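Single chain ahead, written as structure tokens, the form predicted alone.
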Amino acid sequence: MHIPYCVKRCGYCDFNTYTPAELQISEGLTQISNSYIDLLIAEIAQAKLQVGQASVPTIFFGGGTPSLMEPTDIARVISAITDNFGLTDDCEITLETNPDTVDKAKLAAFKAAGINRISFGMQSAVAHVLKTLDRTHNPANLPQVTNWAHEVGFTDISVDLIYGTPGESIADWQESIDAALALPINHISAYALIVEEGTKLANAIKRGEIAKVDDDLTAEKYLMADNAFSKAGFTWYELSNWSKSGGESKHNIAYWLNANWWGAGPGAHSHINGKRWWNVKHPNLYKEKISKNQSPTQDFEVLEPIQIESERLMLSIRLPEGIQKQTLNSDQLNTLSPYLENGALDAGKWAAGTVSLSLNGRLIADRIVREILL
């Protein structure tokens, strides 16, 4: 469920999100929430007509800033999905949350609405790093909001971190790691900063106002994070994700296993049985399509077998389970031999029939997979 609204656009963000000012909306967020949720519910009804019978194992409210929405409206979406499809008994329902947009009462209301997993956008615990990223939240709020989440009954609590921000020292990153591990959480996502063309941050780097990203320092920070998270009882289950036992994100795992999903909202992407499609990006055009009972789809593609295989390789290698050697041809296995010899691949798992990355191999995962793509 894509919620495309933010109070302010972060300098590094190139997601399909919009501020009320960009959309020239004068109504309050409550009114935006109510009217936009009506559109999502209408698209869910369209999904039912296309998909038919299905049981939903995960729902993910992403954005944008989903926590800007009213809990009663989030509840309406969950009810619509339940009414149209039904949920599995252990359905995971996640809400991405900006720490500055919730208090204890609102978190309790989201819990009552059906949210059972919450993910806070922490990014960093260091003020000057957040300033470079153009984030607006106060890092001191994280202990408060995560404790509130715990107190109102959330047992699955995650934080997102970003490392490699220009000007972020090793000491800064260690401070963020330590701050995250002090929180009552069972999941951490840590992503290397990617400077996307056209963003405010990219333009500032081009003008020389902000230094470029130091790739070697970024790699060192990944190793620091993995070491600290592991010692604290978090296990990596995907290149950028660590969890305590049972805390893995089932929704994200579904993506990495190339499962079927329906993405609702402006610019949302969907995948069903080898067909991929994506919605029109702008909220106004999305509203126009849905209001006319038209499909909001902008375009689609039917994946060729070679695309499906390439995506299987790209996604599988990100997981500890890796790629089964028996699914690779002799040329691919020969290409991988140097990586086995230099320790980028796990020798024990190789002997057991699996291509699985070692810790150092995770640093060059993209390079390895490029060399074995068909």
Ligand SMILES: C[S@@+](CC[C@H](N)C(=O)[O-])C[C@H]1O[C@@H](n2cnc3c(N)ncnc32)[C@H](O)[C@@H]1O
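One rule holds for the numbers: they count along the sequence shown, beginning at 1. Computed from a predicted structure; not experimentally measured.
What comes next is about the form predicted together with the named molecule, which does not appear here.
Taken together, the three residues Asn98, Leu193 and Glu196 all lie with some non-hydrogen atom within 4.5 angstroms of the named molecule in the model of the complex. From the list 44-52, 62-70, 310-318, 325-333, the contact stretch for the named molecule in the model of the complex under a 4.5 Å heavy atom rule is 62-70.
Although the partner is absent here, Asp172 lies well away from the named molecule in the model of the complex, with no heavy atom inside 4.5 Å.
Under a 4.5 angstroms non-hydrogen atom cutoff, the named molecule in the model of the complex has Tyr12 among its neighbouring residues. In the model of the complex, none of the heavy atoms of Pro139 sits within 4.5 Å of a heavy atom of the named molecule. For Asn279, no non-hydrogen atom is located within 4.5 Å of the named molecule in the model of the complex, even though that partner is not displayed. Of the residues Ala264, Ile162, Ala108, Cys91, just one reaches the named molecule in the model of the complex with a heavy atom at 4.5 Å or closer; this is Ile162. Think of it this way: in the model of the complex, the named molecule has a heavy atom of just one of Pro283, Gly121, Pro166, Gly114 within 4.5 Å, and the residue is Gly121. Residue Arg135 is the only member of 127-150 with a non-hydrogen atom no more than 4.5 angstroms from the named molecule in the model of the complex.
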